[in-house]
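We begin with a single chain expressed as structure tokens, specifically the form predicted alone.
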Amino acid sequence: MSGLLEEAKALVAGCDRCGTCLTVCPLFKVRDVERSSARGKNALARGLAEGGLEPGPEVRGAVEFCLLCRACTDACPNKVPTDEAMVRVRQHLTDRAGGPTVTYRLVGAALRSRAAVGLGALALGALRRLGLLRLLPSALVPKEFPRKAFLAAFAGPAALGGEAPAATPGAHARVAYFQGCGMKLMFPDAAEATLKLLGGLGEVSAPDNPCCGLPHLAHGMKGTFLELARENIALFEEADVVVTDCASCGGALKHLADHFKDDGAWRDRAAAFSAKVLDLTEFLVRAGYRSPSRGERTFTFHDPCHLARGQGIRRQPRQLLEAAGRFVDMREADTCCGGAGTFHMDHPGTAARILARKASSIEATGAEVVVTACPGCLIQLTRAAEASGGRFKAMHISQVI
């Protein structure tokens, strides 16, 4: 048995097969077969580890068919971390196959290169200014609803509050912004709004950081993930606080220490780095940020999996939105939207069915804007907003507070 399969088997050992995970798994709700659920995937992990299953294409497909959203772990009486087990099984299968698939290899190489991400952002920015983004599939480049359009559509006298009042950003003075690839490529307006918020609270630096490495970790490229992690740890060593407006990046960066616990050279540096990473909403509430005005627009909030379950942040976004307008919580606010990294591109039909359920929850609130804090979710929610025919807009939280 490989070490990775041994680790995966140990992780799922607490599964009592009770089936509680079936009730919360977004995939099981749209494809009710056992292998869609955490219970089925735990059985796959055990079967592979014990030699009862051959790692053929069908098994690999079942292992890849997971959102890694942790809803199952939250609901499980024994808190079995199926997502962590699946990451190890994926790494084992990738190693056994001699590397990731061509698609993941290309995506991983592109995100590994700061130059490639920068050039991609410039190219998309040029297309955006020329109004040519509509020529690209929305699965690749969603239409961003920018803050300027939001103010034009919703601003009334109550929303004209000018600049945010200064607040004390805690005891930390050296604040650095970690910009994820998704924010850089897809949502530059939201990233600019984040920098403006942070700049209103004090000095902020914005190093040219590489990818957080989460896409590589999720698709069996742990070596690249660790290389990127070391680059980021070194790059932000002088900062006291590292703030990110991407829930996926935040979830990955806060857990870097776990991946270096057996590395004597990097263990302490990784732990120090992870300890100073904050989500934007977490930082703003801690720093005492107050919205410049309270408007009349109605918001609802979609909890990104990497924010709610990956970081335990649920209260802060709602607190900020309640101060900025009317807030209405939606049912199943923390259920995955179906984005999940590349899942919405790998399994578009399933992702669309999950998103339709989310769109129904949004529309039931009557909210004009669904807000989130992750570019991956924003891609999905923007698609739902377009399909709604104007019933709601989708925006990043930095654009509305």
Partner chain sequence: MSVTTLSDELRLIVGRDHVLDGEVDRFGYSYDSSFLPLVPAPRPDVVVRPRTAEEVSRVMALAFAGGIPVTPRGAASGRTGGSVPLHGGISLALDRMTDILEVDEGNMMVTAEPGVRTMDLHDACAARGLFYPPDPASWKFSTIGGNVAENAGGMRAVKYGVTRDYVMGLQVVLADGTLLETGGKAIKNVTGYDLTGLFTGSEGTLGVITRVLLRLIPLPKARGVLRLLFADMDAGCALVHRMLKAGIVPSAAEIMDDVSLQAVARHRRMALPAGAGCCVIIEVDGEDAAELEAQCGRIRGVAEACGCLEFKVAQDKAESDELWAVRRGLSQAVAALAPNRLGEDISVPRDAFPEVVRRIGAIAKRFDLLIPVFGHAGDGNLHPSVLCDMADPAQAERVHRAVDAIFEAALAVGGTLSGEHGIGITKRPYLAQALGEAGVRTLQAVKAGLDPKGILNPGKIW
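Positions refer to the first chain, counted from 1. Worth saying up front: this structure is predicted, and the values here are computed from it rather than measured.
What comes next is about the form predicted in complex with the partner chain, which does not appear here.
Listed residues 34, 363, 346, 332 were compared with the partner chain in the predicted complex; 34 is the one with a heavy atom within 4.5 Å. Every member of the trio 16, 20 and 46 reaches the partner chain in the predicted complex with some non-hydrogen atom inside 4.5 Å. Segments offered: 23-31, 370-378, 337-345, 65-73. Contacting the partner chain in the predicted complex at heavy atom distances within 4.5 Å is 23-31. The partner chain is not shown here, and in the predicted complex it never comes within 4.5 Å of any heavy atom of residue 359. For the chain shown alone, residue 352 is not a contact residue for the partner chain in the predicted complex, no non-hydrogen atom being within 4.5 angstroms. Taking non-hydrogen atoms only, residue 312 never approaches the partner chain to within 4.5 angstroms in the predicted complex. The partner chain is not shown here, and in the predicted complex it never comes within 4.5 Å of any heavy atom of residue 205.
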